[in-house]
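To begin, one chain is listed below as structure tokens, in the form predicted on its own.
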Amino acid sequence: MFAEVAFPISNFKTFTYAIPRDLSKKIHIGSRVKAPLGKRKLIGIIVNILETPPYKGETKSIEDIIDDFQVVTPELWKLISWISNYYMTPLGQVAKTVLPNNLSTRYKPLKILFVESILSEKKTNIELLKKRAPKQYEILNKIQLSKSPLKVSSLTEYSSNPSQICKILSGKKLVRLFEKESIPSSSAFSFDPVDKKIIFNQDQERVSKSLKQSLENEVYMPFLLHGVTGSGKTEIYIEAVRYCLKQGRTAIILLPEISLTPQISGRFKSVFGDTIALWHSKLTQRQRSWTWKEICKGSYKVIIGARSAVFSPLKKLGLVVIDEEQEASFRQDSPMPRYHARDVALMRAKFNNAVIVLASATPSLESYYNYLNEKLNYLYLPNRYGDAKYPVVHLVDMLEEQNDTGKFGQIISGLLQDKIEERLNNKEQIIILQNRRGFSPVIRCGDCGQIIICPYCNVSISYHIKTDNLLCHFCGHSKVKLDQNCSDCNSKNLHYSGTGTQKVEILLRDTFPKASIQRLDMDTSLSGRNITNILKAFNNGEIDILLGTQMIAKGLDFPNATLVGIINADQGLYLPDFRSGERIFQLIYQASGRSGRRNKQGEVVIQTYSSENPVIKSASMLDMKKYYEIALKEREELDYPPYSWLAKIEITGSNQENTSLLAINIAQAINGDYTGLSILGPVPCYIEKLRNNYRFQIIFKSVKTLDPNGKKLHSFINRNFNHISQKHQIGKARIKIHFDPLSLI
């Protein structure tokens, strides 16, 4: 028996190995194995099994199998193959993404040494031990006083080597030593379970019934669940999962932000207990290893997590829910495969004959378009749950505010300040959104006017007052503030302008000194535990004002939050990207939805310098339908998604001239085209230099009316770029292929 093995390398070649007789019954397509490749021993995945080798000569053997039982189901293997084909990524690299090398079913939790006293009542005379070995006596006394076994490691305050002393005491039959497995817990990433008595309204009942009927049929069925903010979508998910589990099937709940997992997981655990597992990047390696092994064994039936949770090796998958499906964080642009978790989830549901729910208060334009064209079944929750009312929205024109007050560069308008003070007096809570972190995002030379940019990226560098350093938010380059001079005139006369969350925080603390204020952004959320603690504290009423970036703007439910303030609603509105307006509308609409979700009506204050912009106006009226009509009309006129298929070829290299020349050569060598295809470029990317590499791009648009399934575009890209390294002298440059890119920046 022989096997073709794909390794996580950057080509599509597979390698043939002999299967040892003792492994022949354990190995199947999708098995992970260790095998020699050149001088290395790598983990690869079996893509085919052969009776005879395809060529004559010596064949090396597989050395070992990684997992003790089957992990890759036939449906998951279909998904791996589809991703490899659709996103033009070698099977081995896809397999490494789906089945990371550092995870295995052979994982064994750490064992912790415990000690307990076995001193009988008759044997209480240990005075001799006290005289001859005072350290032994001291530790024995501590063990005796404890009502339960102690971790040996907890005794370090009495001895630098407590395990050795405990072994001596054990030899004297005074204590018993034993080991216990340390099972990693993810409880620190979840709210405490809260039981709620939920009575569905008519809209929820109708939606729930539709999902249950589809689950009963056990066929692939895609839904768009469009529910206004606060309409009770989470309870719909819970009821659908409950029905799915009764069928003996499993479920995946995908969330766009790690900050959304604590609250929703606490709600799910109150209903489903220990059958729930969390999966995201903030888990430790031990937690990931244990969770993954238990998923493979079938211990967990429901997985809640970020985009990589779509690959959870669950068996009998029956339901997939993508909450806030419009979010760009579901897209992975690096490393390969460059996939969108929503599209991958749709295919996984299809291969598993499962029901999939794309849910949002502000669906992506693609999903909304697919509903209009009957490619998705539409479910609508038009009203907030219970007695909750829509918030009252105030639009503040900051240009008028400047003229009225004579204060330029004002961060908090008079109206927002009054509303915050009113809420604090009423013992209610406030959420403030400023979608830019740091203190000052722009640093300008006061002598020559030059803006300080990152030496490795063509972007302005930001000042962070908490660490007193300058930081690039793209590559992470950092420099001490005192060491920074103007790169043009060497002046130290630098002006720190613009507004980030740190500047807003300082202003809020100065303005409302008695209020409890907490900031939640990338700088304060380095650990999942910290995210959970901040959100728990706000949920429990320990924080008056929660300030943050977009991570606090969606999906969260705080009953006492009655005011949302959006500091700069224009942030990102004028970026040269066809999705910029859609993103800003969704962010404002979603942030507004955090206000007044119970019996107290909420308010929203939107501050803008573009009050007549249709995006801002539609968002301030919470009029999704109107804005989507405008946006779809614009997209249709310009042949942008959802009216076309999009692909982007990105060429990056450290030498600007050589990279530009390579991009031109690639564009000139493109072979053929077809009716409905537009080719734009090559041109420099909007951010031309990033992480010390220059970037150029070629854009391909294929009109859907002439290419309804995108097959023409995919075939065209495959034909021209599948073996690009053999067609061009690439050198150190890199060619990145993006299908269905979310951004052209």
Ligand code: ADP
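A residue's number is simply how far along the shown sequence it sits, counting from 1. A quick note: this is a predicted structure, and the numbers were derived from the prediction, not measured.
As for the form predicted together with the named molecule, it is not shown, yet the points below apply to it.
I need the one stretch from 599-607, 138-146, 227-235, 448-456 whose residues put non-hydrogen atoms within 4.5 angstroms of the named molecule in the model of the complex. That would be 227-235.
Which one of E428, E634, E294, D557 is close to the named molecule in the model of the complex, taking close to mean a heavy atom within 4.5 Å? Only one option qualifies, and that one is D557.
Looking at F474, Y380, Y107, F200, which is the one with a non-hydrogen atom within 4.5 Å of the named molecule in the model of the complex? Only one option qualifies, and that one is F200.
For Q204, is any heavy atom within 4.5 Å of the named molecule in the model of the complex, or not? Within the cut-off, so yes.
At the 4.5 Å heavy atom threshold, is K131 in contact with the named molecule in the model of the complex? No, no contact at 4.5 Å.
Interface membership of K173, the named molecule in the model of the complex, 4.5 Å heavy atom rule: No, K173 is distant from the partner.
Wondering, does K407 line up within 4.5 Å of the named molecule in the model of the complex on heavy atoms? Judged by the heavy-atom cut-off of 4.5 Å, K407 is well away from the named molecule in the model of the complex.
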